[in-house]
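First, one chain by itself: the form predicted alone, in structure tokens.
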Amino acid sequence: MTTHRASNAANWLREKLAEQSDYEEITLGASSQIQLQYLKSVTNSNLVYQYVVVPSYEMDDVQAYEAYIATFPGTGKADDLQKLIEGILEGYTLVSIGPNSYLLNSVKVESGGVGEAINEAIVQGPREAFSESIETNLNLIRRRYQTSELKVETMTLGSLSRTAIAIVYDQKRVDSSVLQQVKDRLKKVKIDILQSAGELEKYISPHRFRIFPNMVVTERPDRVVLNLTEGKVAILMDTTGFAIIAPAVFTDFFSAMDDKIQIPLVSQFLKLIRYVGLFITLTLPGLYVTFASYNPEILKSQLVLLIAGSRAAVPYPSFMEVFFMLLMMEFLTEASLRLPKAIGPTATTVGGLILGQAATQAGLVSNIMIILVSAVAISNFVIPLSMMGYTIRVIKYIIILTAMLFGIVGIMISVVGIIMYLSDVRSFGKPYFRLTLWESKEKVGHQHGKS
């Protein structure tokens, strides 16, 4: 335990946090003997103003004011630099009075305005979601990532909206080339109105024509914190409850926050289920077209006869049947999203049941087709992030088209083509199929030691 004078502690803290955009330093009193230092995003500024700033002007005696601060509930002497930085990152305020310095408890805990995650719901773990206030969102991140290496840089975008943007990263772990690319792309954005994170993601993407998302848009603070530890960059935006994470790899879109909580074997099983669901939702409609019209010899005779008997009353080719039912499912999915929440689930459920039953009895679609469409829809919904879910919904129509033209060979060509395309995709210069973007300093140092 090393004791430092107030000036030394204040100067040391200034050097550590001077680059933080939410760092605040205030000098009080006519003699400038009182100095406040804190982080705005995690500090209750109302409490500081009411109980620290106002009394400094009401008390003429500095010694009386120091006695008042020293006896304030939750206040202790700032004698240890490690405890000092930990307290500031948690939300304490450093009050320097002459030769002495005190840590005053002014932690801001955001509760009002912080809702529950809806799009990325989990069974266990934190349920907090980002709000539409960038200050609140920074508070949610700093509460979970209390280190002075966490840097926040701010800027504004939109000539009319003047939307506040915060670039958040871990200074030690971040890839400098990725960080520079993020800053450069944000500076190039020229727009009048900016209102959503998805809109910003589109503007900073280098490719205007792309199929797969190369950045993650999330509403969960814990997902952002996890990705910050992997050396990624988070972009927060005012007026929206979502954050952008860059760069992204393919596996990011199939990872749920539950995976960090579950037993490792269970976690791996759940990830396997998601990839199996991806394969089913992509290939099952195309395989149905193939087996029903082009390559029935691949299946056993019993299955071939079952499919043929189910389609006996259907008056058009199998690919038209598949397109018709998948489009109906797309209509139901969109309706469930756009209708008012009070009637949306009921209307779409009843509509789906009536549509499926009536279409089967009328001979417009086969019974097997109803089962197939349901399996495809359910498989698509196991993908944790909706961005990838929307992409998969589009790609399956490409596979159906190739199956219609070339049968089983078309499906194989499509799958191989998708894998080749993904192997060539880069997200901020990083391979899309890479498992992780950051190696621990210990591991890197060990490798250098060997060399």
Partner chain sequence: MKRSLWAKLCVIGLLVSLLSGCQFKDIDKRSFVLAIGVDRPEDPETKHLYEVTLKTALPEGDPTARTQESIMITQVAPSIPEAVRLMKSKIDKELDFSHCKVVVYGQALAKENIAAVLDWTTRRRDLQLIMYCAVGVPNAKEVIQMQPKTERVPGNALILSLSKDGSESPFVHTVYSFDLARKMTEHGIDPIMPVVHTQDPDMLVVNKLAVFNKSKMVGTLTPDETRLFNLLATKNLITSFRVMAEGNAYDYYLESSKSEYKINPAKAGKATVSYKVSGSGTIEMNDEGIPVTGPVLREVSRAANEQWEKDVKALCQKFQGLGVDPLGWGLRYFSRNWNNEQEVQQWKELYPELEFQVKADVKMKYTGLIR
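Numbering follows the first chain given and starts at 1. Since we're looking at a predicted model, the values are computed, not measured.
What follows is about the form predicted in complex with its partner chain, which we do not show.
Taken together, the three residues Ile419, Arg426 and Phe433 lack any non-hydrogen atom within 4.5 angstroms of its partner chain in the model of the complex. Contact with its partner chain in the model of the complex, defined as any heavy atom within 4.5 Å, is confined among 331-339, 295-303, 173-181, 149-157 to 295-303. The single contact residue among Val54, Met412, Ala64, Leu405, judged by any heavy atom lying within 4.5 Å of its partner chain in the model of the complex, is Leu405.
This chain appears without its partner; in the model of the complex, the one residue of Gly76, Gly125, Gly198, Gly309 with a heavy atom within 4.5 Å of its partner chain is Gly309. Though the partner is left out of this view, Val314 does reach within 4.5 Å of its partner chain in the model of the complex, counting heavy atoms only. For the chain shown alone, Asn227 is not a contact residue for its partner chain in the model of the complex, no non-hydrogen atom being within 4.5 angstroms.
For the chain shown alone, Phe72 is not a contact residue for its partner chain in the model of the complex, no non-hydrogen atom being within 4.5 angstroms.
Proximity of Ser101 to its partner chain in the model of the complex falls outside the 4.5 Å heavy atom cutoff. Using a 4.5 Å cut-off on any heavy atom, the residues of 317-332 that reach its partner chain in the model of the complex are, in sequence order, Pro317, Ser318, Phe319.
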